[in-house]
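Before any questions on how it binds or moves, here is one chain, the form predicted alone, in structure tokens.
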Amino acid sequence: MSLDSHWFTELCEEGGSAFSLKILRKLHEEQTDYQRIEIYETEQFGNLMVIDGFIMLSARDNFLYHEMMSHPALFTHPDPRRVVIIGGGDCGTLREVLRHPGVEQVLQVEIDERVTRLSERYFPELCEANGDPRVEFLFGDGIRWMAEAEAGSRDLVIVDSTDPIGPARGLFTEAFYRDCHRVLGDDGILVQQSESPMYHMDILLPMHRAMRAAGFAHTHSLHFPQPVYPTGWWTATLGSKRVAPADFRAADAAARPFPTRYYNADIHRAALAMPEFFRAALAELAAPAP
């Protein structure tokens, strides 16, 4: 991370690149028990949240991420009613999940309560559904919650985490995916943010391998733009116990009874398409060992 009087710059060492936003002022900074959180007001992207030097979200483009972390998985499951979000402290994904009238219960398990409290202050539009009676908040360890949760108790698990470093590292393991598989019902679906295919195939391929080893019958990465993240190209990876990701409820997605800014049935269908290098890498992953 680099900061002068006018610009916030996130350095991506593994990609040899950087991304900068012109800032007007710093609004907040604190060190919690888990991480350092900074909030800036930018010139063009609204308020900006930074955790441990890495951009988490901006007011301008977060809708891309939050809609793609929620609606594709919800429209892939045949009847999603019980949802758990691991992470997601800014509450944007939670807001999108609650747009679905069929959802009856959402538990959000976020390790750092300060992320949510600061979001309520600086990103109130993301937190507008926090008072919905279907929501329960638990501020604690999502890995531990998943290990102790009742088998078959959830239809959808959304892992809206930071990068696989620090407290989030354990969310990218086969052991965690096995717990998710156990907690999900017969048609259960897991979706997790999975970084950029341009820089992070070393994260993406092990995720697919670990999800499959954990028992998920299908895995598929959805591709979407995200300007403030390294390369501007991001993914969310689905693990499904039974339903093939291509068999999503397209008619329901097209007739959704709520507004979106990015997601629609055509975007969903397009997000399932894979570039050749990605397709080849997954085919190699699936090939039997010699």
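These figures come from a predicted structure and were not determined experimentally. Sequential numbering from 1, following the sequence displayed.
Quick note: we don't show the form predicted together with S-adenosylmethionine (SAM), though the next part is all about it.
In terms of contact with S-adenosylmethionine (SAM) in the predicted bound form, the residue from 98, 214, 143, 205 that brings a heavy atom within 4.5 Å is 143. The contact with S-adenosylmethionine (SAM) in the predicted bound form, taken as any heavy atom within 4.5 Å, belongs to 86 out of 126, 156, 86, 180. Interface membership of residue 111, defined by any non-hydrogen atom within 4.5 Å of S-adenosylmethionine (SAM) in the predicted bound form, is confirmed. A residue is said to contact a partner when one of its heavy atoms sits within 4.5 Å of a partner heavy atom; residue 130 fails this definition for S-adenosylmethionine (SAM) in the predicted bound form, lying far away. By the criterion of a heavy atom within 4.5 Å, residue 243 is excluded from the residues contacting S-adenosylmethionine (SAM) in the predicted bound form. In the predicted bound form, none of the heavy atoms of residue 192 sits within 4.5 Å of a heavy atom of S-adenosylmethionine (SAM). Looking at 71 to 79, 147 to 155, 215 to 223, 89 to 97, the stretch with residues near S-adenosylmethionine (SAM) in the predicted bound form, meaning non-hydrogen atoms within 4.5 angstroms, turns out to be 89 to 97. In the predicted bound form, 160, 161, 162 are the residues of 148 to 164 with at least one heavy atom within 4.5 Å of S-adenosylmethionine (SAM), listed from first to last.
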